[in-house]
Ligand code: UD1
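Encoded as structure tokens, the following chain is the form predicted on its own, with no partner shown.
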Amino acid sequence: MLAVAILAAGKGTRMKSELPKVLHKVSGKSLLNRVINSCSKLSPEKIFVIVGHKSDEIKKSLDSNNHRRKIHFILQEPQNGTGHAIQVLSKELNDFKGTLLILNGDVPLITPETLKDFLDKNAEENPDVSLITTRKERPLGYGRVFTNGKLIEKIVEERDCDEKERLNTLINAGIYCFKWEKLSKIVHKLKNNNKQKEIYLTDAISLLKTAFSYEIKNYDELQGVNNRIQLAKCEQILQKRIQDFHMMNGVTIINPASCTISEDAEIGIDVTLEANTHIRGESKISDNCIIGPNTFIENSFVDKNCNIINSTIFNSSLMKDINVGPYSHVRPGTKISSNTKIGNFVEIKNSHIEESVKINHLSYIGDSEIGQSTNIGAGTITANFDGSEKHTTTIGANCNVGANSVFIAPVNIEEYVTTAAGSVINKNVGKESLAIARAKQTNIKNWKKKKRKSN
């Protein structure tokens, strides 16, 4: 039987932020959410999140989490150290018999595979406690672990180390696996006899009969976050993981250092990501696409053979063989069908664009239906907002919309319609019609501009 406790009560003062430290994000997900996602794959009976500073904000952030029903919040008030956190938790584990896995909410990159291996080794060797350790060349800020083989002799927090003890590079990663029946008997014996006057969970090691070190070589998984430099380091580590995965599966990334990819994104083979390209959320990019440079795509589907350059796309779907950009903005709710061209400085919002449409220059298409093989002239605007409500513009197939046309919605333009350049269309137009809606030009001969009076 497995229970998990995640320590998430600290203020995180070194983050210099009003946001609780564990709610800062790496690649779009909070530190805490990442830890929860990793340990949830171990199928624990219960997950306890120990909160303190801004506890309501942390609880609210997890309300929509898929694991919400498994999570039990434990309030640690005041926050008197890691040992005190488990003392508070002990009230919820009176009848529990099994293994307690303790994780830190600010160590977001630990993988489910490493945790599973850790639990398996712990079950095999059956000590009273195991903890994950690693060697760090410059272990500033970390507690030092002193061992005899696998057996842990003592752990000393850095602030309490003498000069000789500080030379030890084996550090405590703060991830523990306890036999709860053993820990529960001694956890309330832990005292705050240290310079910080905090109750350290590490002091439990000396009170238990057997404590083993589980040393892992990949320190990247254990990167903690105490400041924004370390947050950026986590982002860098995670992006390398994600990008290496995609490159090994047939994606070309021209300049990985300038790109970011969500771990929830899917990217097909023979896709090229140019410099400064960012794929966010649950986006899916199909085969043979060229994305970027300078392109941002979030929660969108892009089908095969699309070229997107210097553009942003949010919550939309693009079918095959589409060219977008440069400097296009495709906003949520848009569906663009195959063989369509969305060109320079075009904005499209909540619209359905049929096949083989051309919207090449300087246009705004909002809340619209554009029919197959229609050409939208430069500077066209669908005026969809009347001051209180949005309305729809429908333009049928095979239409030719003149430059600088404005459609005052709601309005319906049927098939094979041509609108004259500069027209303001506010009435429906029947099929195979020419619509002209502009003032008659007047030329005044021999006109001279009045001279301005000098001051």
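Residue numbers here begin at 1 and follow the sequence given. It should be emphasised that the depicted structure is a prediction, and the values quoted were computed from it without experimental measurement.
Just so it is clear, the following notes concern the form predicted in complex with the ligand, a form of the same protein that is not shown.
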Answer key, the ligand contact in the predicted bound form at 4.5 Å (heavy atoms) among R14, K25, K431, R438: the residue is R14
Picking from I370, A173, I376, I291, the single residue whose non-hydrogen atoms come within 4.5 angstroms of the ligand in the predicted bound form is A173
Using the partner position in the predicted bound form, report whether Q79 sits within 4.5 Å of the ligand, counting heavy atoms only.
yes
Would you check, heavy atoms only and a 4.5 Å threshold, whether Y142 touches the ligand in the predicted bound form?
yes
Under a 4.5 Å heavy atom criterion, is G325 part of the interface with the ligand in the predicted bound form?
no
With heavy atoms only and a cut-off of 4.5 Å, decide whether V4 touches the ligand in the predicted bound form.
no
Contact segment among 152 to 160, 282 to 290, 315 to 323, 238 to 246, judged by heavy atoms lying within 4.5 Å of the ligand in the predicted bound form
152 to 160
At 4.5 Å, heavy atom to heavy atom, what parts of 92 to 125 sit next to the ligand in the predicted bound form? List them in sequence order, or say none.
N104, G105, D106
